[in-house]
Ligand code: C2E
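One chain is shown next in structure tokens, namely the form predicted alone.
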Amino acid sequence: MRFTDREIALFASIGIALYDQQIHPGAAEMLEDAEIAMRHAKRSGGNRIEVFRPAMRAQRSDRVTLETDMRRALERSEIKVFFQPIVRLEDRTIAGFEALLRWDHPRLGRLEPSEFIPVAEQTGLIVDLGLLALERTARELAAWQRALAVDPPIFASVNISSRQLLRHDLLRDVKSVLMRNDIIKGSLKLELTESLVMENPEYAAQMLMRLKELGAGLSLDDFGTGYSSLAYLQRFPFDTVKIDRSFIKQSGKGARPIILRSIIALAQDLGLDVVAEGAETEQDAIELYQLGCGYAQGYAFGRPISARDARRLVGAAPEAA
């Protein structure tokens, strides 16, 4: 369809329920099954049609249970913020951390973000999780900076979801977090993916500029995997780009992808810091440095660690009990 002078592509996810009088005594039950099928279509990639199958109801039950557990988890502080080190390749010192959520579920054990973030996105709980990550990360960052008076200052990155970006409350939340914590301007970096920014570039550009004015840093995640062009990259007020791990892997011939060199050179020309994700070996670190990459994170430099361990790593005072 066309809207003003733009052509907009519309996609639909459709769920269908076939009438069965044994399981559909009324219209409400049939509509519920059609909605379950529609949600299954969305989770399967969207732009498709799914016919309801009884097994889908069990999947929905699992999601509802996880949602209920997640609400309780927020109240009981079961969801923790862990921090993965980001290293300055020039001297191998700690330059910063990326905040990552972990859920210590009382029945299922420790859950990775991939196991609960999709449910949080669907239910809107991602907003509460995002605020938790912002609050905790800013508090830890203030402690790190009190312990380490370095230039440039140690920083921390926090992932921002689409639901957060679309809410004007994000500006209020970020402003409140920055006012409550004594941290250096630009050192709390909000991390957004290419695909998220490009969902609505006009709106994103306005929001990012206002976040920048509040004193937040801005990092473009998964750079190179989506829609980026030089024109768009120049429009947005990012100070850091994170290169997706798919570009860090060596090709079958043992060479780094040629595009990796181009991405690093482009970022340098624009005056942006470059962080490479997925550095797994010492050889990765050496070659990234030789290509001109300033920073890297990955198992070569450490797995995500607890807030207490992060404070110990930078020599900060432990948090009061």
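From 1 onward, residues are counted along the sequence shown. The structure presented is a predicted model; accordingly, all values stated were derived computationally and were not measured.
Although it is not shown, the form predicted together with this ligand is what the next lines describe.
From the list 64-72, 25-33, 263-271, 292-300, the contact stretch for this ligand in the predicted bound form under a 4.5 Å heavy atom rule is 292-300. Every residue in the set I126, E277 and E280 has a non-hydrogen atom no more than 4.5 Å from this ligand in the predicted bound form. This ligand is not shown here, and in the predicted bound form it never comes within 4.5 Å of any heavy atom of R235. At least one heavy atom of D221 is located within 4.5 Å of this ligand in the predicted bound form.
At least one heavy atom of Q164 is located within 4.5 Å of this ligand in the predicted bound form. This ligand is not drawn, but in the predicted bound form it has no heavy atom within 4.5 Å of E194. This chain lacks the partner; the member of L170, L89, A133, I94 within 4.5 angstroms of this ligand in the predicted bound form by a non-hydrogen atom is A133.
For the candidate set A142, I117, M207, V177, a heavy atom within 4.5 Å of this ligand in the predicted bound form is found for exactly one residue, namely I117.
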